[in-house]
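As a starting point, one isolated chain is supplied in structure tokens, in the form predicted on its own.
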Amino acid sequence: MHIFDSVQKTKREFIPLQEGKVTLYVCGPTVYDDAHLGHAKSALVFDLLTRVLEANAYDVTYARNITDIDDKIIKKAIEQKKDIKEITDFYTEAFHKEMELIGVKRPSIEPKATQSLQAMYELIQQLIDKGHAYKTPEGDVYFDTASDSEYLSLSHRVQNEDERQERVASSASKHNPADFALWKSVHDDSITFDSPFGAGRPGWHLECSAMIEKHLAYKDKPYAIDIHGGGADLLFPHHENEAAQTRCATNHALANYWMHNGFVNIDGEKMSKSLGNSFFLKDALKEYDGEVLRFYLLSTHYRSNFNFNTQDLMHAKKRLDKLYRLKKRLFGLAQNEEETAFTKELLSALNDDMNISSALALIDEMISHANETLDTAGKHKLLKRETMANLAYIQKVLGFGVKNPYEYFQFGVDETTKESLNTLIEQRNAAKKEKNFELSDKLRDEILAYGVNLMDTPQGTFWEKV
């Protein structure tokens, strides 16, 4: 397996720090608002990575944090006159529900900033003790970037004072303009946390380093973890600062491999709340099936910037529809998970830095070949068995084709109509059982009037939207 390392800027063979095991950490959401398509893209990319690693028989420990301490959260809590936990719990639950709808599995570990304060305090103290951090007269604690000879080695850039990115107001007492906050003192009556450094709040960059040390880090290896991931916008300053903290506080570097997914653009414009085009995932899920969104958002290589537009999305849906039509054609056959030539080729494509274009081309070819063969005379038992195995593998590794094929084609029908249709189908089945064919035919006409197709199969009666 080979993955592209964002720091070394080359494709590298993946060799884990411990044989058979992989530690992966990905920066998760700040839970003060609904998830947008950028969150969805990143979550999908690392969900796919986890699946591919597991398909290679690795035991994966995947951590994705929840940032539930942030000035934006506090601002919203004050505006809405709500407790901060009420805000963060609401958006955390919404995030989980939406991730589930696009097929993103829960990570092995999902630490919250509020649950990791002690680990943050310990990391700050280590940095102070080793001369890499200092306390200002105002009570803030800053990381001293000048003390780290390897600072900016991750992003390979020259620090520009205008590029400072902080989530809290800067202090005039900083030694260097590039120094970043580890702890920000708070002297008003807003929300604070008690610490050995005084009342305040942790810096944004601190929590990931602390969580990695607490939950994942190897203490006897040159790197804390195997892979660190996130959006391309996090490489600097967030990941740069994480790496500096860990490097200076511990006896190891942060990660052996760094992976970053591209930006999401909306109709050619970079997605941004300031531009008013921050397309919330919840809004997209009202219009499109979650699996269609998954298929579409994963259809471009993870490192490329993704241009979201409805025309391409509908093209992606038609492509996924073909997989479901094949699944419907084989509906009711025994499940099969044997290895086939196709499953080996598919994994080989994904092992090449998750080459999704090659993977999808292989799937298109498999579907076309299966349909062409099934259209010819004969029972095709071997082909059917292998195709069932291929479909099961696609579902397992890529998360496509997870639904009942008939139910997949029901998207866009509201719940009230679904309940009415299911009731009518139950009544029709009862009428058929009682051999009341006149009533059965009448009920069938009522069902068809909803603009759906009705299919009677050995596995039951199903309907789909025309």
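Residues carry their position along the shown sequence, with the first being 1. Rigid core: the largest C-alpha set superposing within 1.5 Å between the two forms. What you see is a predicted model, and the numbers here were worked out from it, not measured in a lab.
The next section is about a form of this same protein that is not shown, the form predicted together with the RNA.
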Which of 281-289, 230-238, 247-255, 79-87 lines the interface with the RNA in the model of the complex (heavy atom within 4.5 Å): 230-238
In the model of the complex, the one of 190, 115, 136, 355 near the RNA [non-hydrogen atom within 4.5 angstroms]: 355
Sole residue of 132, 319, 384, 215 within 4.5 Å of the RNA in the model of the complex, by heavy atom: 319
Partner proximity in the model of the complex: residue 361 to the RNA, non-hydrogen atom cutoff 4.5 Å: yes
Contact of residue 53 with the RNA in the model of the complex (heavy atom, 4.5 Å): no
Contact label in the model of the complex: residue 426 to the RNA, heavy atom within 4.5 Å: no
Contact test in the model of the complex: residue 348 vs the RNA, heavy atoms, 4.5 Å: no
Contact test, all of 223, 380 and 403, partner the RNA in the model of the complex, heavy atom 4.5 Å: no
Heavy atom contacts to the RNA in the model of the complex at 4.5 Å, residues of 357-381 in sequence order: 357, 358, 360, 361, 364, 365, 367, 368, 371, 372, 375
C-alpha of residue 442 moved at least 2 Å between the shown form and the other one on rigid core: yes
